[in-house]
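Let's start with one chain on its own, the form predicted alone, as C-alpha cells.
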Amino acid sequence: MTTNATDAAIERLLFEREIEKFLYREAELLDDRRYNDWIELIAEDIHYHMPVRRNVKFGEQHRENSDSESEISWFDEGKRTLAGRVRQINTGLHWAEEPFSRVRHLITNIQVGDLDGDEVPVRSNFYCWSNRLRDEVNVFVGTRQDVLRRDPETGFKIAKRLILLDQNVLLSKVITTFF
C-alpha cells in the first residue's frame, strides 16, 4: 500500500470511529434520560420517520413501508414535535412515563457512507429494550437510515432518521421511546 493509500485508509477509519462514537453517545443520552442534551443533537430541519411496516407478497416489497406523504406512520416528526415530546416527558406528569421507563439502546452494524459536502449517510441496527412498572417489557428491533450533518458544537447533527422496525405489529401499549 502506498503512503497516500495508507493515509486515506487511516483517515477513513478515524472518520468511521468518530461517527460510531457519536451514535454511542446518542444512545447513552437516551438511556440516561438526558433528553435535553439529546435534542441538541437534532438538526432544525430533521425528518424523523418511522413508517408502519406491512407483510407483503413477493415482488411487492415497494409496499412494505407506509408512505409518509399519503399514509399514517408511527412517527413522522420534525424537531418542533420531538422537542415537544421531550418537554412533555420532562414534566414528570406524562402518564406513560410515570414512573419512568428503564431503556437500553444497543447500536450495532454501523455502516458509514461517503461524505457528501457536510452530510454523510449512516445505517445502523438497533435493539431497544424498555421496562416499566413491574412487568411491562417492550422490545424494539430494527434498522436506522440516518443522514448526519457536520456540526462544530456537537460533532454531528441528525438531519434525517428513517426507523424501520422488524415487527409490523407493535405489542407496546404506548411508544415513548426515541430511536
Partner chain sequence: MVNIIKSRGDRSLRDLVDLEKGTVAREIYVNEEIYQQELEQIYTRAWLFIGHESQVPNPGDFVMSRMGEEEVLLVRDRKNKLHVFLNTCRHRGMKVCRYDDGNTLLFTCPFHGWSYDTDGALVGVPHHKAAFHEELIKADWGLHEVPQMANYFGSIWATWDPKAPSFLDYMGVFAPTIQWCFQSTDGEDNGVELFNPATKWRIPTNWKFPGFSFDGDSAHAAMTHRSVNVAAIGPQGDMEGGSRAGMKAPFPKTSYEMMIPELGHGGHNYMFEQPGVSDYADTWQTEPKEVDEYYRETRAKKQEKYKDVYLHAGDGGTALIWPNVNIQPQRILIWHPHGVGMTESWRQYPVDKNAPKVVKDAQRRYMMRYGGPTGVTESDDMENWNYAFPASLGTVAQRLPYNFQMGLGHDFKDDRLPGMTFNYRIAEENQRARLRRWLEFMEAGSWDDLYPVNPKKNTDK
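Since the model is a prediction, treat every value here as computed from it, not as a measurement. Positions refer to the first chain, counted from 1.
Beyond the structure shown, there is the form predicted in complex with the partner chain, which is absent from this document and is the topic of what follows.
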query	finding
Stretch in contact, per heavy atom within 4.5 angstroms of the partner chain in the predicted complex, of 143 to 151, 58 to 66, 112 to 120, 32 to 40	58 to 66
Site test, 54, 75 and 87 vs the partner chain in the predicted complex, non-hydrogen atom cutoff 4.5 Å	yes
The partner chain contact at residue 108 in the predicted complex, heavy atom, 4.5 Å	no
Non-hydrogen atom contact residue 28 with the partner chain in the predicted complex at 4.5 angstroms	no
Non-hydrogen atom contact residue 162 with the partner chain in the predicted complex at 4.5 angstroms	no
Partner proximity in the predicted complex: residue 174 to the partner chain, non-hydrogen atom cutoff 4.5 Å	yes
Contacts with the partner chain in the predicted complex, stretch 20 to 47 (heavy atom within 4.5 Å)	none
